[in-house]
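To begin, one chain is listed below as structure tokens, in the form predicted on its own.
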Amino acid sequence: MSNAIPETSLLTLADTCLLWGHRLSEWCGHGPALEEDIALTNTALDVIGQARALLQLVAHRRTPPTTEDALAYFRDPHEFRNLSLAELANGDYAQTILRSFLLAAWFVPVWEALEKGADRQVAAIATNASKEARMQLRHAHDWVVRFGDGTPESRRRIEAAVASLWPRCGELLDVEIDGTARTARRDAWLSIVTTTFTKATMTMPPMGAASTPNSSHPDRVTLLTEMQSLARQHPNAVW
């Protein structure tokens, strides 16, 4: 397919969704309120569904073809191409919300661009994913504003989350995703984040160069060890 999005770009999207979804799933039953517990679980299901659709497409296009399960459960940590923000271990609820906000703000323009692209198989996935990402963004935006413009304790927590996660944001803007314009993505992300930080009465930190994640990816290793354990113990199982 001459118009096909390269596999490297598809895996960046799929792996980011998969690992982000796994981190969100760790909150199941631990949310600060029942409604938020359900909201986080729904977001986890949405992004894991996006990961599955993309991994199915990658698996189908490979020669010889493989399966989504092989790509999810039998690649080693160094083979994953996710944005490092997605793999970081969970902190408190403010950190989880801010990560969701930062990633959703990135995914919205990505999906919207791919929805209009020439790779129609990817466009079909992006059409549904774009709607889900906008809902995720609205939910996370509201919470960032509540944290920032709330009590002194909520403000302390969201500012700590910003200090922890912001150094990873340069990667969001620098990563190459074929089928999208990097400058347009950067401008859209900065506009979304600036608007939300202003409403939250927070100062947006300066945007530095992309940080270099720990090459050993300890959080990714820990996450995948847990996520892949059952499949690797029973590699020929049929469920």
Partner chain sequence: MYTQALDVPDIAAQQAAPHAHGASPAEANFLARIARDEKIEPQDEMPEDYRKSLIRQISQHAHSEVVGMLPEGNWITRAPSLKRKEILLAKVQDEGGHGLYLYSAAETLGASRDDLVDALHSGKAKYSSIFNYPTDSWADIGTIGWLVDGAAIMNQVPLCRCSYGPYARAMIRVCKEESFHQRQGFDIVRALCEGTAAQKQMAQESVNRWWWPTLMMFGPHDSDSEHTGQASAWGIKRISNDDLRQRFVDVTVPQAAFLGLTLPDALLKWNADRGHYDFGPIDWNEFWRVVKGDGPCNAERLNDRVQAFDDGGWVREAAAAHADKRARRAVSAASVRIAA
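Quick caveat, the model's predicted, so the values are computed rather than measured. Residue numbers count along the first chain shown, from 1.
What comes next is about the form predicted in complex with its partner chain, which is not displayed.
Residues Cys28, Ile48 and His234 are all found to lie within 4.5 Å of its partner chain in the model of the complex, as judged by heavy atom distances. Proximity to its partner chain in the model of the complex, taken as a non-hydrogen atom within 4.5 angstroms, holds for one residue of Asp187, Asp178, Glu171, Asp69, which is Asp69.
Residue-level contacts in the model of the complex: of Gly150, Gly117, Pro77, Pro167, one residue has a heavy atom within 4.5 Å of its partner chain, and it is Gly150.
Taking the partner from the other structure, its partner chain in the model of the complex has a heavy atom within 4.5 Å of a heavy atom of Val145. In the model of the complex, its partner chain lies farther than 4.5 Å from every heavy atom of Leu54. Although the partner is absent here, Ala94 sits close enough that one of its heavy atoms falls within 4.5 Å of its partner chain in the model of the complex.
Put simply, Leu10 is far from its partner chain in the model of the complex: not one heavy atom of it is within 4.5 Å.
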